[in-house]
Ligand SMILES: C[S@@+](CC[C@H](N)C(=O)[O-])C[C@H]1O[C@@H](n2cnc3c(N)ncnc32)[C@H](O)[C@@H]1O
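Below, in structure tokens: the form predicted on its own, a single chain.
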């Protein structure tokens, strides 16, 4: 039998290098600074020399050169000649159409950075189990969301991007034949609802979210061409919901909240659905592989919103504890899960 190679234990120098990489703060902020200064766009547009990049970006030339030296070392740019720079596969990826929202998030002057700075309060979250956003910024996230137009529009855009991914699946894979009315609970500007209504002209729908969202939601529904069959309902999913709708959709909402509050949301849905309605829980949930690769998102849910990721089984238990019966659940690649529920006293 051939001897198996023995892997050498890492040396102290190896471990020190690994630790230094793990705790490095310069790199993430260097990348964000490059995006804020629009360096990938400028290089792509022909401003490749340091002096031209400094003029175009409004940066201090010598300091920009030091920034670019680091960005070259991590592979975001290449130095094609002294003080002349080119794109790499990484920076080209950032410039792709589906990288637009990512660049927006990483811009140091955008609400995305403000949201990410909640990570500086992680100790508070780990000690208390609550969001760190208020501890860091002096105001709870959802209060800031209502009062800060830029944050609300940005966060709404991110949620809409997620809805545009999940909406087509929900519109085509769920049987809407016998449904006449649907309400998207906590649905933001109505991106998911618009997908469903566009695919099923017989449906009428509502999207419920906090009152300040009304203008953006009405505009989005008009632009989607469904305003004649859709209505924005101002309200909170912690309060009684409009009753008697055929289907209550709760999409990518529960992970924003801890078990106690997520249970309250589902109980409100159960009350409103009564003995005839159904509740659809739509989430991208952590399977084993997803959980291994996406542990940072779970921490982001905690520090930003006080929420948590759950497995499909945990989500079904949450529904049962809220007085619902799980009728069926379906999964798709990428972690998308749709769990169909009904009231325990539903009339069949």
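Numbering follows the first chain given and starts at 1. Keep in mind the model is a prediction, meaning the values are calculated, not measured.
One more form of this protein should be noted, the form predicted together with this ligand, which is absent from this view; the next part is about it.
K.L.:
Decide whether residue 210 counts as a contact residue for this ligand in the predicted bound form under a heavy atom distance cut-off of 4.5 Å.
P.N.:
Within the cut-off, so yes.
K.L.:
Flag residue 235 as yes or no: does it have a non-hydrogen atom within 4.5 angstroms of any non-hydrogen atom of this ligand in the predicted bound form?
P.N.:
Because a heavy atom of residue 235 falls inside 4.5 Å of this ligand in the predicted bound form, the answer is yes.
K.L.:
At the 4.5 Å heavy atom threshold, is residue 91 in contact with this ligand in the predicted bound form?
P.N.:
No, no contact at 4.5 Å.
K.L.:
So, residue 176 and this ligand: in the predicted bound form, are they within 4.5 Å at any heavy atom pair?
P.N.:
No, residue 176 is distant from the partner.
K.L.:
Considering this ligand in the predicted bound form, find the one stretch among 217 to 225, 267 to 275, 140 to 148, 125 to 133 with heavy atoms no farther than 4.5 Å from it.
P.N.:
One stretch meets the cut-off, namely 140 to 148.
K.L.:
Of 230, 196, 159, 76, which residue is found within 4.5 angstroms of this ligand in the predicted bound form when only non-hydrogen atoms are counted?
P.N.:
Answer to the contact question: 159.
K.L.:
Using a 4.5 Å heavy atom cut-off, which residue among 252, 103, 200, 114 comes into contact with this ligand in the predicted bound form?
P.N.:
By the 4.5 Å criterion, the partner-contacting residue is 252.
K.L.:
Could you list which residues of 146 to 167 come within 4.5 Å of this ligand in the predicted bound form, counting heavy atoms only?
P.N.:
Sequence-ordered list: 155, 159, 163.
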